[in-house]
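Just the one chain here, the form predicted alone, laid out as structure tokens.
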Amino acid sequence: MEEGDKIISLFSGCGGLDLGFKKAGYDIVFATDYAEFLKETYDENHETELEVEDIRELDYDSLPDCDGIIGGPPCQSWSLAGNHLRGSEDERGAVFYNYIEIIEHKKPKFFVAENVPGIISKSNIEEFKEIIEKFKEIGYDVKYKKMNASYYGVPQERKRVIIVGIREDIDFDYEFPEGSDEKMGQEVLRGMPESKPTEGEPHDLEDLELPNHEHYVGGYSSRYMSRNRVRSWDEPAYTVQANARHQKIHPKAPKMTKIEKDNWKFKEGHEDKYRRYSIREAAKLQTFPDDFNLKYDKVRDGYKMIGNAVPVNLAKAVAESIQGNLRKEKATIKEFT
């Protein structure tokens, strides 16, 4: 592998996976996503412009040559949240097969796919095995692992399934990167300016140092209040959500008080300390750099694009592990047929 090897990015979102690969020395030569509202943010922060197009309508022949293909096919269909495990019966899960078709058509040296742990749940494991078999049928040696981002320089408890495929003519046995022995806490949020509330809430904060530093202030649902949503500074944050209302609480607040099973409340006398992470803080927890500027008209869109992203540091760790393995002297490329 040489620095600057070319990557096609599918289901790019705002580009967390792309940025991690870029930091590892790769070049993103093509990026696409179906959601129009993501384009301004992607174009603002990446050298390659985002093509807004449904993957099912892509002209595979028009895609540029590449060394790798990366992407996170939509995860809602595989999510354990709400037990909505529809897999490929949902059109959002079915596009995983378009991802496979593009890999078969372009035959890159490697691919990386990211998804939620629900994809290997008991309800989905048989279909997941079929997906892995299809990758093998088109000529790839495949490994997958459920990785916790908090062991890879990400201050957040975020578990995701990472699938890595190496073209079978490339002679090496891929190994996932080793993480740290301890999880990373939320100390990175200390010293950040207090966030600007939305929804017309009164405030006296002006000229905030960072862009996108507002937080959602809507009410908390009974489901939200069914458990403790606060973690301390030295603990990793809960998973950053793509939903503004379900965003977790900033660590300056005390732990919530348990009343009974599935019933918690804010600590009496300290209610003013409870607020959700700002969009900028959520981006920090996803290890986006401070100069990564999110463009949106609606606050919920800001949370959505950050919450759906792959943490940059996790992406970089995976990218470097592929790069390092392919650079080994024993990694020889045989004639591909």
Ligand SMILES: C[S@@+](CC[C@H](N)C(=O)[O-])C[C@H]1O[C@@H](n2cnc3c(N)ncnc32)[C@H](O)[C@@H]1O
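Computed from a predicted structure; not experimentally measured. A residue's number is simply how far along the shown sequence it sits, counting from 1.
What follows is about the form predicted in complex with the named molecule, which we do not show.
Every residue of the trio S12, G16 and I55 has some heavy atom no more than 4.5 Å from the named molecule in the predicted bound form. Although the partner is absent here, A35 sits close enough that one of its heavy atoms falls within 4.5 Å of the named molecule in the predicted bound form. By the criterion of a heavy atom within 4.5 Å, P155 is excluded from the residues contacting the named molecule in the predicted bound form.
Although the partner is absent here, T41 sits far enough away that none of its heavy atoms falls within 4.5 Å of the named molecule in the predicted bound form. Proximity of V95 to the named molecule in the predicted bound form falls within the 4.5 Å heavy atom cutoff.
In summary, the region of this chain contacting the named molecule in the predicted bound form, judged by heavy atoms within 4.5 Å and restricted to 23-31, 271-279, 301-309, 61-69, corresponds to 301-309. Checked against the named molecule in the predicted bound form, the candidates G118, P74, P108, P236 yield a single residue with a heavy atom inside 4.5 Å, and that residue is P74.
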